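Before any questions on binding or motion, here is one chain by itself as structure tokens, the form predicted on its own.
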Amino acid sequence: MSINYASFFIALIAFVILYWLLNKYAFGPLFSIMEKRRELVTSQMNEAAQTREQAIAYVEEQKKALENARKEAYDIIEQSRQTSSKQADQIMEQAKVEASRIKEDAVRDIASEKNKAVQELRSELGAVSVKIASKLLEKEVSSDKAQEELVDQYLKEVGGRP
């Protein structure tokens, strides 16, 4: 096998010219487009990383805000419980004071009515005693037993017993 040097040089020269033309007109724009694409992908990756970091920061911020809201809600509920407990205690205390006042008024009324009843009973007893004495004076009885029967009879009349 023999090498044809003339064809070899022509092929070599054609290859060099083709390489030079491709390098000048095709590879430059192609590499430029590839470089722009690489920069675009890099910038998108950087933006994605920044967005992810912002999202993480936002999620953390939202967690803190939610935790603060829960704490405030718990504080409000606890404050409401304490307030309602205080109000319940105040209402109970007022009810006790009112019940005590009503009881004292009732005791005073009972004592007053008792005193009135005792006064009326005394006045009636005095009147009855006078009637008994006048009846005894009107009637003269010789025995003690007869006097006792007379007193019992008048007491029965006064007491409303037959």
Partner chain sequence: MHTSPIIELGGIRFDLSAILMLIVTCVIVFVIAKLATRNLSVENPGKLQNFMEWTVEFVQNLISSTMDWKKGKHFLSLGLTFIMFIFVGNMLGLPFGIVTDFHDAGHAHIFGKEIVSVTEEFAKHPDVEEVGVAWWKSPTADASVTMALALIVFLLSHFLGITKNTKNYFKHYFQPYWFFFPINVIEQFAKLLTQGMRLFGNIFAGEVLISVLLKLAALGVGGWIASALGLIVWQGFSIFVGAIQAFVFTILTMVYISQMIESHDEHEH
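Keep in mind that this is a model prediction, so the values were computed, not measured. Positions refer to the first chain, counted from 1.
FYI, the form predicted together with its partner chain isn't displayed, but the following is about it.
Query raised in the report: Since the chain is shown here on its own, which stretch among 46-54, 93-101, 112-120, 28-36 would lie within 4.5 Å of its partner chain in the predicted complex, judged by heavy atoms?
Result: Result for this chain: 28-36.
Query raised in the report: Given that the partner is absent here, does Val59 sit within 4.5 Å of its partner chain in the predicted complex, heavy atoms only?
Result: No.
Report task. Could you confirm whether Ala11 comes within 4.5 Å of its partner chain in the predicted complex, counting heavy atoms only? Result -> So Ala11 counts as contacting its partner chain.
Requested in this report: Examine Asn23 and determine whether its closest non-hydrogen atom to its partner chain in the predicted complex is within 4.5 angstroms.
Outcome: Asn23: contacts its partner chain in the predicted complex.
Query raised in the report: With the cut-off set at 4.5 Å between non-hydrogen atoms, does Leu18 touch its partner chain in the predicted complex?
Result: Within the cut-off, so yes.
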